[in-house]
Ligand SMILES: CN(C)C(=N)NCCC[C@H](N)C(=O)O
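What follows is one chain in structure tokens, specifically the form predicted on its own.
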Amino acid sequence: MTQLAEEAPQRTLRVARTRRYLMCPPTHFDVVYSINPWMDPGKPVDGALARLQWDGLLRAFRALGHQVEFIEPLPGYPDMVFAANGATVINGRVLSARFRHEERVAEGPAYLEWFRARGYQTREAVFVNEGEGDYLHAGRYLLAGTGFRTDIRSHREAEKFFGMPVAGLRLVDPRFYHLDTALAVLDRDQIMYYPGAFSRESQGVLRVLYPDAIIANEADAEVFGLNAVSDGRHVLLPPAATHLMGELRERGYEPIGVELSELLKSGGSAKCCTLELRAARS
């Protein structure tokens, strides 16, 4: 009898979970100062195109069944569109952002007031941290970036406030100045990241905690392919991250390309525009 050909391994079945997000319209978006290597005030920004691209991200979230709330942007704060930087929200508790650069300082109190007005349990941060730019909730761990923006002392502050272990990760490449430009959480125990953005010690931590992680290459990272939003199945990321999209499909995820090229001029993409509102456990 002829031997049957070996069957290809089955892909893992990924399950999407409905999320609640906070977004800020890019009403005042522009690049008028430089606080990261991507920002060049000498390059023109198309505000109308930025709004169209942001609207495309919003439509994608709604098409997937996710709920989106909005905060009113402050005039004079062009980077307030990057809602992920505004706070960290876990189990209905909110740690405010405290920005390092003067140009963004007023955004922290504005986001904090939004949460207070809606009855969240809040803490005004003592040490500099830039919200989910450097804090990413990944299952039982809070992954915490430092090196360029967030003060390492804030890691202990977050650990005590949220009551969960913090895994500190040091960023070493200024192009990837926030953790969410170098690493994305796909599901509770699955991440993808670019090793070159991290110190040798932090690479070791990630290998131990996530031995099955998806590894991005430099080209993926440079187009902000890791500044992605995942609901556990669908992953929204820049379409230029072609290698990463292929890797995601191999692991059973459904990548969805979302073009945010105008916002990238300020060093942000899909994740930067999206703050997850994680409700208190019932």
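Keep in mind it's a predicted model, so treat the numbers as computed, not measured. Numbers follow the displayed sequence, beginning with 1.
What comes next is about the form predicted together with the ligand, which does not appear here.
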### Summary
Answer among 248 to 256, 63 to 71, 33 to 41, 214 to 222 for heavy atoms within 4.5 Å of the ligand in the model of the complex: the stretch 33 to 41
### Task
May I ask you to check whether residue 145 falls inside a 4.5 Å heavy atom distance of the ligand in the model of the complex?
no
### Query
Quick one: does residue 94 come within 4.5 Å of the ligand in the model of the complex, counting heavy atoms only?
no
### Query
Wondering, does residue 87 line up within 4.5 Å of the ligand in the model of the complex on heavy atoms?
no
### Query
Is residue 210 close to the ligand in the model of the complex, meaning a heavy atom pair under 4.5 Å apart or at it?
no
### Query
So which residues in 52 to 66, when you check the ligand in the model of the complex, have a heavy atom no farther than 4.5 Å from it?
none
